[in-house]
Ligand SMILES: N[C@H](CCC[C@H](N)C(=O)O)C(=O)O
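The form predicted alone is given below as one chain in structure tokens.
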Amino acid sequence: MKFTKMHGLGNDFIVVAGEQQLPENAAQLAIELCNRFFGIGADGLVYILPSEIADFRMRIINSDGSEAEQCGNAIRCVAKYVYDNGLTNQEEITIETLGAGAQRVQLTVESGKVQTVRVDMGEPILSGLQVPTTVDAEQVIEHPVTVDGREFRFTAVSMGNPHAVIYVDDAVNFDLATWGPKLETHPLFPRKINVEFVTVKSRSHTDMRVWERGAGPTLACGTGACATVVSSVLNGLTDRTATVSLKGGDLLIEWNEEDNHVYMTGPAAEVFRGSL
């Protein structure tokens, strides 16, 4: 199996192309290969597959063997891979995802290589039961959740995968390891949840740290950054276009008022190639 190690702001993936369908042992492969001590090391294993509705199809297996419906950093890596490796010569393509269907992607190319990727992440889902949460409400904004005696308030957003956005005084130094896993598996979230801890710095800038469902703490989360801006607009905290600063770097997010779509712009990088 040939693979390429890639990352989007430090959220790293083992990318495999050339398969016609997802291997039956993909979950076990992800657990073994993503191990940072006994494997290649990554947050997830990504397969680039043929699609009937888009130019390419992406399937993402988390490091714990579970499948992610969507991943904003992975889709940028896939877009860079297919262009840089000659699988397409188009600077606007579509990529099919499990949770959000076919998504439009625009590539910024310099010297024959993709530098940044702008992804139409689609419309956010705000209905509590559809995110999903157990809260039957049209929008779930600043809803209380208690773990180990501490109350947090979350805003629920799905970008094809579920997110709970929580505002804290200091996201950069927040204790992810203690509170992330407890919130991820809380009964309010029937399919578990990605948890974003956010500090608003200005109308156009937030700090965010993330505990990802199935992967734990990561350096960046593209869908989480999108959910952060949607949540911040709903809470009246930021404008519709804002920079989200993650541990691995910055993403520019726009929640367009005209089409209700969320647009994410950021880099992707190749680290190395190998075979096993």
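Start at 1 with the first residue shown and count on from there. Worth saying up front: this structure is predicted, and the values here are computed from it rather than measured.
The same protein also exists as the form predicted in complex with this ligand; that form is not shown, yet it is the one meant from here on.
Please work out, step by step, whether the site is open or blocked: first superpose the C-alphas near the site so this ligand is positioned as in the predicted complex, then count ligand atoms within 2.4 Å of this form's backbone or C-beta atoms (3 or more = blocked). Open, since after superposition no atom of the placed ligand lies within 2.4 Å of the backbone or C-beta atoms.
Would N11, N73 and E212 all count as contacting this ligand in the predicted complex, using a 4.5 Å heavy atom cut-off? Yes, because N11, N73 and E212 each have a heavy atom that approaches this ligand to within 4.5 Å in the predicted complex.
Interface stretch in the predicted complex with this ligand - options 30 to 38, 214 to 222, 231 to 239, 47 to 55, non-hydrogen atom within 4.5 Å: It is 214 to 222 that comes within 4.5 Å of the partner.
A68, heavy atom within 4.5 angstroms of this ligand in the predicted complex: The answer is yes: A68 has a heavy atom within 4.5 Å of this ligand.
Using a 4.5 Å heavy atom cutoff, which residues in 88 to 112 contact this ligand in the predicted complex? It's fine if the answer is none. Heavy-atom contacts within 4.5 Å come from no residue here.
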